[in-house]
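Two versions of one and the same chain are coming, encoded as structure tokens; call them structure 1 and structure 2.
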Structure 1
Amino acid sequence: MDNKNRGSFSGSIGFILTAIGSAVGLGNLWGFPYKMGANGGFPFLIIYLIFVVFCGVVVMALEMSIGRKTGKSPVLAMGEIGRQYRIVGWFSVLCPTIISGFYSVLIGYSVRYAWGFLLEIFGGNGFDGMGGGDFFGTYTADVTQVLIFTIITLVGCGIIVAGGISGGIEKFNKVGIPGLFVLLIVIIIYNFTLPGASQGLTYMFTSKGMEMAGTEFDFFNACRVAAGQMLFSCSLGMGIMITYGSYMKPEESISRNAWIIPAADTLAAIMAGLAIFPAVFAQGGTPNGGVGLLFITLHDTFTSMGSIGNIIGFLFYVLVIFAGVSSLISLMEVSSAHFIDSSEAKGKPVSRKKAVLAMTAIIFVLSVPVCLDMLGGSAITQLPLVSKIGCLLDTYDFFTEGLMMPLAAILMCLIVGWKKGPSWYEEEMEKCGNKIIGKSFFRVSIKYITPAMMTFVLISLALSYLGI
């Protein structure tokens, strides 16, 4: 496992920041605010937090333990537990590939926005003279531009992943993640000076918010969306953390990381909410603005700041790109690691560069229809399966975070919790004298609470799909 093709992390902070870098991404900045806004605000937040503790922390510890114990990437790691469990590992090749297919398009959007603000700084016309809503609509319908920015994103990430773990990914996160937090704080403070902004806080943190904003609340739907969003945001349910765990040193405390990483991720999501909702209300908008919320609202916020807004806007989208890229490289890393490992197991090793090149090409092929769909503006969205779910991007999302990721989480809990038993993972978590923070919490959750909650989510998904 310690061969030179795979590499390893240089230290504890490097590991935590890399894992947080994978977790904090467009899921937090783009997905969380718009899903919270579309699902009732405050009650959604509470449900989300419950899922973070009882499923996020638990699955995080589980995946890291599986990874470090076997020292392998997901398919081979699960195969080592039992041949028939390789199927779980396969999700971890399929899911990241599908997610990358729309993730790269969204990072491409951010690249376009950063470029727009850069032009504005130098007195140019970065957004064709349009405001938030109009520009977003026009840009997303311009397939050629969207494709170009997607290609820029994929090529950049391919180069970083091909460079290897400690060289490429770690350096990126040491600067990008702290920088993102700082800039979010700046935007949040600015928001507090806007008239009407306090309504955003009421919406996010009190039960009065729902009537105020006139948004609907459907408990089952909120649970389903919150669970999927949580897995997505913490990078769980498809074995990414198995791969990361396989690179983790034995002295590292798995349980400590399993608490810190989801906590940091949730903090970032709430901060993104604080950067967006007060501004939404100050601008007289509604929180259920959907997929474009991050881009439209903040574009208007930065414009309202005057010329300094161009600089802050530029920096912000650059950091969104950082956050997105560090997640996308983690997605590309997992699927590439699979090809590297399995080719080695077969005795015909493939170089890292070749594996990454192949993955990048596959992801590009998946991203083209998403670009062509224009977030639902094309005939693709009218296809039978897609139209039932939303646009093509929603469909990719549905099959991954809605279906496969909860399923993988359930299977991992059942296989490790019941088949292998607590001593199997506890031994790994206690390595080198580490104490498990919340030992009985993990025991009860892995066996009962987490699989039960995830099963509930899948059943409610099935019922809503069948229209019951």
Structure 2
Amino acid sequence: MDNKNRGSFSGSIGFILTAIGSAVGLGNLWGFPYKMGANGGFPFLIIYLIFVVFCGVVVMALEMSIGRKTGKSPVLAMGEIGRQYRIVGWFSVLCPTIISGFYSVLIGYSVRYAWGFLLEIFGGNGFDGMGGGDFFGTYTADVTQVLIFTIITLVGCGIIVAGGISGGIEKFNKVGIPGLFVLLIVIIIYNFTLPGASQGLTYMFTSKGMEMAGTEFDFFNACRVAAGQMLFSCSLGMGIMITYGSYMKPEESISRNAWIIPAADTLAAIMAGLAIFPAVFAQGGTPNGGVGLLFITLHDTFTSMGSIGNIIGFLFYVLVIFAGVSSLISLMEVSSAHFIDSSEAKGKPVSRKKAVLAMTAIIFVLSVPVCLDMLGGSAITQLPLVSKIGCLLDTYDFFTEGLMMPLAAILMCLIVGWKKGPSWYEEEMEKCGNKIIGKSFFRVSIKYITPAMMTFVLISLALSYLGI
């Protein structure tokens, strides 16, 4: 498809950093390290890596192959394989759009906290003198303020996406992702100088972490948690890698990138744990998951460090913003690329800027109810389905991570692995003389192992969200 609004990556480094940016997100920074400690430590890490290899690497390579072979965004790409498969593409477009509706709100939280610590550095009152729990409760209940920071987030990300692939998204990630790793290293080095920081390592890498988190080891639950974390963390089944694959140059090695990106994502998640838990335990804190860790426990942790804590807190939330924005622009690009491609296919092309503006508006509309729900503190939470799951944010997450993402991944494996056959994707992976790293591994996994494991993910996640 000859469409000047689509663009392409300038080279291998740009693609890899952008794909890593998509994978490294908010869930890595608190979800993975907490889940690792609460579910067995090192044994959990091994289980997670098994899912990454047999699902993450495989589906990532498959999605990139579909994208580059068709040169189109998810709906049209799957439609080219067979018109009846367009529904799989729709899952991969609706999913990132819905996720963006709550992801933008969480990044907005991080912007507010970074601003708060910046004010504290210069002698201001960034948090109204309140502790972590009190301030978080006050802030989330202030819907107007939450909406303002959500709008700031969406406008900023919209500007980046509107700048195009090489001129906007790739340019941000070439600075943002190295910057993210540098900030992680700085915070980790500082944390290791704190007395009692070794407890953070004990929590993450030994079975004692379960005692600290007040949990017991359950192999099935550890598998379920690891699978869910892998699915979201590797950006599978949400059309991102199909979309980015459509911008890849023919000489790029798909199989090499499919191994590098999940490895870098896992490294970032482990480093995030080293940037969080040594500080938490050094200050006498206790681990707790979810937004409570990111916006309550860590707020109190940094505040207890004195003036240096304001600097570390500011750097940490800037890091969270980098991670969140790099993922959100990927989510927004999927939706925008669909708008551009579908309009072109209908003979009514639209500019990238108009497509991004339209999708940003849709995402904002989806984010408003999340802001109004106040993480479960409104009448919205009392709606039948929402009350069953927990809050509106969790409900969005249930339909995307719990249903659409694993279902899309399963169907892609079945369609390509069984209907089209290995030659269909191997031809794309071997373009320009590239070798497939693990050719037999991909053949067996795409056809048998990955669909079976992803079916486990689908069933277990659906049951877990429903409290079963």
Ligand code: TRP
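Residue positions are counted from 1 along structure 1's sequence. Predicted model, so just to flag it, every value in this text is computed and none were measured. Here the rigid core means the biggest group of C-alpha atoms that line up within 1.5 Å when the two forms are laid on top of each other.
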Form predicted alone: structure 2
If the two forms are fitted on the core, does Ile410 show a Cα displacement reaching 2 angstroms between structures 1 and 2?
no
Open item on the list: Once the core is superposed between structures 1 and 2, does Val291 show a C-alpha displacement of at least 2 Å?
Closed with: yes
- Answer yes if the CA of Glu80 moves 2 Å or more between structures 1 and 2 after aligning the rigid core, and no otherwise. no
Using a rigid core superposition, the C-alpha offset of Leu194 between structures 1 and 2 in Å is 4.1
